[in-house]
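First, one chain by itself in structure tokens, the form predicted alone.
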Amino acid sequence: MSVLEIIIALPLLAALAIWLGAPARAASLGATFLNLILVLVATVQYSGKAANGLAFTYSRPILDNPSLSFAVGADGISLILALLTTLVMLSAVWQIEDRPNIFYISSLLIGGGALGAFLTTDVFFIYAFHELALIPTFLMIALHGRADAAQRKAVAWKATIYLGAGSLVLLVGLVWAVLEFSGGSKLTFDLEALRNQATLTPLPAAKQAQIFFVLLLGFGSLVSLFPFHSWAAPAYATAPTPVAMLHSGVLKKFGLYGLIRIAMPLLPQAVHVEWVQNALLLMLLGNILVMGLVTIHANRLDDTLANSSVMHMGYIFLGIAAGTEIALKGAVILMFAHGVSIALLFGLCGRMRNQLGTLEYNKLGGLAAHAPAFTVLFAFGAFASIGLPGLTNFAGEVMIFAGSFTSFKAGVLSNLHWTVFLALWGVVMSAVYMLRAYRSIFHGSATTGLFMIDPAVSQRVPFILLAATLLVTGCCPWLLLNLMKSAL
């Protein structure tokens, strides 16, 4: 039995135990804390093995033809995303107080589903675990969302329709890839076998482009790639705080992980086919520039954070479009950084909403005077989102921009290079809307006289954990880079 199976099973078993009557908070915190320790130990062990290929592999055969197994394995990318998941899951569960058990069960199912998607190596189970994680997301928005019943149900239905359609398109692309790369008369869902077959008998570039584009639409819809993005911001703004933290911080990374882990290794030439790359560049510019302008005009903190999360996906797609080793490693680092920073901000946003009852900028102000610790913690998330040097987001963004110019020839600018120049304006927009939000909330004085106090020391622990993660990995990005020596 692999340690990865234990990591996947722990949150799912804890959710089952709570449903059967176990103490919800103790079971959730115990399972998520133990999971974080197990992932940290696995990460250290993997790093000590010179970070080469899949580790902790184990397979349980289920069917012979088609070949289907519950198989697990992890490389550096998988472990980075597993570490992100366990960090955010622990922080999200910690936020739940005086809430029904369904909050704990849903958070554990979302986290467990994400871990299964990141740590299994069978395409069928990668897809199935992601779908498992989506179900409690829809239910929690519809049943316990932060809006009136009609509005939260409308938001939940919209997200369900968009993500359901995206999942169906993704399923078509995955089945197409499995049929093309299984080889012989025996179908296989094993990702390593599919990758080996793709290396031995690669498809023509034109066909690679067709399959890749279907996968891009499917995975992209799950990541809120423009123009399939309109479900995301309302869903994050309406979702209960733990669900918003987990979905925007963790589950949203599944589509990006799928492109890097499944689509690009099977179809290595596709992203460089001109029409595919141009389409991707146009869509990611929509994320960065269009959503950047939308975010600047937001008048509530939850809307700002929700739209900002959609916007920042554009930078990661830029790394995928570049397709170079530096850019892809930067994309993985930015996936981790964005997950930590947006989870921190949504967690603080939820606590602010609970104390003040509003998140409208024109009703807030001067909170720094009464909540200095809260102010500092929010600054970590806000400045990381802007891309301040010393925090993890900066390292990821710089690597993506630099990696997009590795093939630059003097005097010759490609569409990719022009896209980078335009995308740099997104950094300016991020500074505008985040500094505006910070000034509106913490400086000056509130016209309505609202103020809040710092959370108790025990309630600060998850926020401090996330902020410290941003600082440590921002100052020492090699901690993450060493895990990806051979992964890309």
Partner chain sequence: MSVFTIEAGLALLGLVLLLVEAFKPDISRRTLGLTAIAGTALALVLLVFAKHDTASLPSFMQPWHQLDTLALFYKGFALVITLLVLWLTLECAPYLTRFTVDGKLAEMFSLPLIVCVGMMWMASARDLVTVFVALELVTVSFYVLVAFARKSAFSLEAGVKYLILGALSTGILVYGIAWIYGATGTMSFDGIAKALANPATSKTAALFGAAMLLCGLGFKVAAAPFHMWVPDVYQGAPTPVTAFLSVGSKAAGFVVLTRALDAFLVEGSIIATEIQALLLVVGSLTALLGSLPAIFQTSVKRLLAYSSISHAGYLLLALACRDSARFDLSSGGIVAFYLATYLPLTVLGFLGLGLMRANGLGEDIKDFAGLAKRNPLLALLMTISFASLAGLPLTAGFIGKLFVFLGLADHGYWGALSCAVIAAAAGFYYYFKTILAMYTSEGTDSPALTLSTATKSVAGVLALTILILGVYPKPLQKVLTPASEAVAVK
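Residue numbers count along the first chain shown, from 1. The structure displayed is predicted, hence computed values, not measured ones.
If you look for the form predicted in complex with its partner chain, you will not find it shown, but the lines that follow are about it.
In plain terms, the part of the chain that comes close to its partner chain in the predicted complex, with a heavy atom within 4.5 Å, is 172 to 180 out of 283 to 291, 312 to 320, 231 to 239, 172 to 180.
Exactly one listed residue, out of Ala373, Ile135, Ile326, Ala193, brings a non-hydrogen atom to within 4.5 Å of its partner chain in the predicted complex: Ile135. Between the options Ala198, Leu139, Leu388, Val273, the residue in contact with its partner chain in the predicted complex by a heavy atom within 4.5 angstroms is Leu139. In the predicted complex, its partner chain sits beyond 4.5 Å of every heavy atom of Gly444.
With a 4.5 Å cutoff on heavy atoms, Glu131 counts as touching its partner chain in the predicted complex.
Contact between Trp478 and its partner chain in the predicted complex is not found at the 4.5 Å heavy atom cutoff. The closest non-hydrogen atom of Lys153 lies within 4.5 Å of its partner chain in the predicted complex. At a distance of at most 4.5 angstroms from its partner chain in the predicted complex, none of the three residues Gly30, Phe103 and Tyr162 contributes a non-hydrogen atom. Taking a 4.5 Å heavy atom cutoff to its partner chain in the predicted complex, the one contacting residue in 13 to 47 is Trp19.
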